[in-house]
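First comes one chain, alone, set out as C-alpha cells in the form predicted on its own.
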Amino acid sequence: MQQEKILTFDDTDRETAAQLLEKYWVIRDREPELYQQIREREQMLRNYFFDKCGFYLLVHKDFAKLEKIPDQAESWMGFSELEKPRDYALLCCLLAYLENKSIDEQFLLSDLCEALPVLYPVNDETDDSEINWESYEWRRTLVRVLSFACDQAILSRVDGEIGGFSGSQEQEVLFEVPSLSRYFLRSYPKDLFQYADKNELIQAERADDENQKTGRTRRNRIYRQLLLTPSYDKGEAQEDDFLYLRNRRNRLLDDIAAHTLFAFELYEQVAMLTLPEKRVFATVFPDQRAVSDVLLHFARYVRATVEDGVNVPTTEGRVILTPAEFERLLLLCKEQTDHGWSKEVRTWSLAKLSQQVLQELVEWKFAHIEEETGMVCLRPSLARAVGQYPKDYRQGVDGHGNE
C-alpha cells in the first residue's frame, strides 16, 4: 500500500500556524508582518487546519482569524479579562447594540447605558438582576466589557476615559464602530436561539459526519483536544480514540512535528503536545508565576507518594483525594519545599494556598473536582510536570543564607 506523503511546513509556516492557534485573531493594523505571513500561506494553512481540525481560516482585508471550536467546552476557555457570566451577557448586548449602528458611526456612553437595560436578558436562575448603573458593581462590569471590546478592536474609543465610569455614571466617553465589530462572533448554521445549550451548539459542528467513531469527525475531535487543551485523558476520551492514537502514533508524531512547533507525547493514560522551545507568544506551563513552582513541587511530592505506595492510582491513573487529604498533602509538600518559594506565597494561609493551587491544577487539567462527591481527582498528566531543586540548592541556601 502506498504511504500517504506528508507535506511539511517550513519554520515560518509552523510559527505562523502556532500564532493562529494562540491568538483569537490577528489584526492587520496591529500585526502587519504576521498578517502578511498568513496571507502568503493562506491556502496551505486553511487546508491543513480544516482537514485535521475542521477549523475555518478567515482572511479578511483587516484581520485573519482561525475559528477554533473545542470538542469539549471547558470552564477555563473564556476570556481572562471577563470575570463573571454577566460580563459575557453584557458583551453580547454591546455587540447587538453595535449591530444596529453603521460602520464608523459614533455614539456616546450615555446612549449605550440607556440602550443596554432594554437588551439585557434577566435570568431568574442566576444572581443577576436588572442593570442598575447606580450600582458600583454594574459600572465595573461595563468598564471591564468596554475595555475588553477596545482591546479586541471591536470598539474604538475616540474621546474620554472608560475607567472613569466606575467612579461616576456621569462620565462621558465617545466611541466609534469599527468594521471588526461585525466579525467578532462567528456565524452558525441556524439562529442561536434554536440551540438548547452549549453542547448542542458544539454538536452542530459534527452534523455533517454521521459516523462519530471513524473518519473525519474522529480525526477532528482528537486534533482539537490535542491542540486546544493541555492534555487528553483516556478517561475522558470517546471509545477507541486512544486505540486510534496508539495505532497512528508514528503518523501523528511526524504530522505534528511537520506542521506545528509541538512534540506529540503518548502515554498509557494520557496524550499531550509539549513545546520543546519556549515562545514569547505562547501560553505554557510552567510560566514565570510563583504558583507554577508550587505546582511543580506538589507534582513531584504526589509522584513520590505513589512510588512509595502511600497513594494508589485508579486503573485510569488518577489519584482520588478528599479535600482534607489534598490539603494535608499540600501541607506536607510545603513543609519540605517552601524554603525556595516566593516570599508572597510563603505567607499565604494553608486555605488560600490550597485554593490557588487547586484552581491552577484544574485550569491546566492536572486535576478536576468530581461534581457529585467533591473529591479532588489528580489526573495522570500531573506526573509529566514535576520539578525539584538542584542537589546543591539547599546547601547554597544554608551556606549563604540566600532565599
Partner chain sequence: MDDKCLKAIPETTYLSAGNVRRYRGILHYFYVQHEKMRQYLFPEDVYQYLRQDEVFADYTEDELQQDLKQLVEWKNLIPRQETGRVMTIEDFKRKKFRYQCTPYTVEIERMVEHLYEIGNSFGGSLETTMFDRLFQSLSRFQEEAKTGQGSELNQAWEDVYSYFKKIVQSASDYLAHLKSEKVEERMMTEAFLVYKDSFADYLRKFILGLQQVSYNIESILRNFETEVFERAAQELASYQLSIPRLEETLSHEEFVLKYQDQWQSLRDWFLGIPGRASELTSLENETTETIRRITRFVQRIGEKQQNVRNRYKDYLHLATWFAQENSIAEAHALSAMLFGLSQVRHVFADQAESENMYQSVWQVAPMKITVKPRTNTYREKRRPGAVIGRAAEKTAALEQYLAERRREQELIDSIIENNRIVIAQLPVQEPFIRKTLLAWIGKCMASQNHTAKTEQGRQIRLVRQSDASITLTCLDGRLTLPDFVIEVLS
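Every value quoted in this text rests on a predicted model; they were computed, and no experiment measured them. Numbering follows the first chain given and starts at 1.
Although not depicted, the form predicted in complex with the partner chain is the subject of the following passage.
The contact with the partner chain in the predicted complex, taken as any heavy atom within 4.5 Å, belongs to 69 out of 69, 34, 358, 57. Of the residues given (363, 51, 29, 40), 363 alone sits with a heavy atom within 4.5 Å of the partner chain in the predicted complex.
Residues 73, 172 and 274 are all found to lie within 4.5 Å of the partner chain in the predicted complex, as judged by heavy atom distances. The partner chain in the predicted complex comes within 4.5 Å of no heavy atom belonging to residue 168. Contact check for residue 192: a heavy atom falls within 4.5 Å of the partner chain in the predicted complex. With a 4.5 Å cutoff on heavy atoms, residue 309 does not count as touching the partner chain in the predicted complex; it lies far away. In the predicted complex, at least one heavy atom of residue 196 sits within 4.5 Å of the partner chain. Scanning 255 to 274 for heavy atoms within 4.5 Å of the partner chain in the predicted complex gives 262, 265, 266, 267, 268, 269, 270, 272, 273, 274 in sequence order.
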